[in-house]
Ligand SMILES: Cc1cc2nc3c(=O)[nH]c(=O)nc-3n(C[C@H](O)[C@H](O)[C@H](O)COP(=O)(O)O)c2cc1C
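Presented as structure tokens, the chain that follows is alone, the form predicted on its own.
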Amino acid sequence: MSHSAPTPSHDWDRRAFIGFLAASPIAGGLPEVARRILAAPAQQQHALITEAGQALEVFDFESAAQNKMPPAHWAYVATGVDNEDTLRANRTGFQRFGLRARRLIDVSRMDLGITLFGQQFDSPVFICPTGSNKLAHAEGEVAVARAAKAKNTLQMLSTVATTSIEDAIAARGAPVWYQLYPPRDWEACKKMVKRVEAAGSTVLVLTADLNPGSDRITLDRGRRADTRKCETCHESAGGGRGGGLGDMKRKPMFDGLGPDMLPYTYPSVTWELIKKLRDTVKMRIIVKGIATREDAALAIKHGLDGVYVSNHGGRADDGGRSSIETLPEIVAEVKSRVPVLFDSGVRRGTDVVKALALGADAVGIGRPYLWGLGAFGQPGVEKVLDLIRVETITAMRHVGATSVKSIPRSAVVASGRG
């Protein structure tokens, strides 16, 4: 699929896509959330923004990005799995927690800085690893890295990024953490992680939640409706799920690994992989996708350096449990022995403060920065980070906290909603 800037010709593709959904005999069974995220941007209640500085909230970028991106590319960003219950739950889950406001506290001086594994960042909000950023903008992960540098924000790079770890670190001007989908062949995996370490990455983020597989129906519908010649970028760009070797030519982290590199997620992966990785690299290792106290305990048992609470933004399983609801039990199990990172469904500064109050040490965003990237490139990503930062400061002031470490557990309570 083309990585060039969208042109007005995409409007016809988009109208065809919406018409396809409306006319389809299965449209009535399409999940409500899928109908919403694939609906025409013109249905919104306010005008599309035309530059990053006009945005009042991150959702302004959602419609702006959708207006520019081709149907299949937008569907990749928007998709959940199956009925998309988990995707929806990630947002409604935050409604089940309320923030307790405190008054007459001096909150004139605010400090949002955090330190993770010796690296200092100006915000507890980090950039989650997401694949194929060039589908949103021609500069892809490099534009994201430059935005992260401008805001001194932690960036994680996906194994299936369309930019190499070397180029991302060069653009960031500091270490970028590497999210690992381990190739099936161990020698290929070892070669990959040694390359990552040699490039200067300091933390390996092993993703564990996609190994059983995922069924991304909204993405498949977007592919079917896209009338462009996708073979330009995808040699094996049929409409089927899972892609193929041809798609990997866009993924520089697989260069030189050979045919055994695929699939990069598979159900036979176990905790034994941790020992192999430990024996291969000196990087810190954390596991992403932890959703229960039992697996948090196993992460500690296997000597992991951190626990990453996530359900892949509703893109892994469709069990319908939000990531924010899983956070308290995992924090209780970890008992501050290692850092706890969190993502999935974060859109507001209040979401960030709720997660921090529940025990997260850092909070990640995925789709919001992709919306900013798709709409306006690097300036869009920077503005998304600015908006969430301002909202986070406001929410912290209302709970009486002047630093991330001073946000008390008592700041968040069950709201009875959701």
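The structure displayed is predicted, hence computed values, not measured ones. The first residue of the shown sequence is 1; numbering continues from there.
There is also a form predicted in complex with the named molecule; it is not shown, and the following applies to it.
In the predicted bound form, the named molecule lies farther than 4.5 Å from every heavy atom of residue 324. The closest heavy atom approach of residue 368 to the named molecule in the predicted bound form falls within 4.5 Å.
With a 4.5 Å cutoff on heavy atoms, residue 313 counts as touching the named molecule in the predicted bound form.
Contact check for residue 131: a non-hydrogen atom falls within 4.5 Å of the named molecule in the predicted bound form.
The listed set 302, 195, 347, 102 contains one residue whose heavy atoms approach the named molecule in the predicted bound form to within 4.5 Å, identified as 347. Scanning 218, 201, 155, 158 against the named molecule in the predicted bound form with a 4.5 Å heavy atom cut-off leaves one residue, 158. You can rule out all but one of 102 to 110, 219 to 227, 122 to 130, 290 to 298: in the predicted bound form, only 122 to 130 has residues with a heavy atom within 4.5 Å of the named molecule. Contacts with the named molecule in the predicted bound form, taken as any heavy atom within 4.5 Å, map within 56 to 89 to 76, 77.
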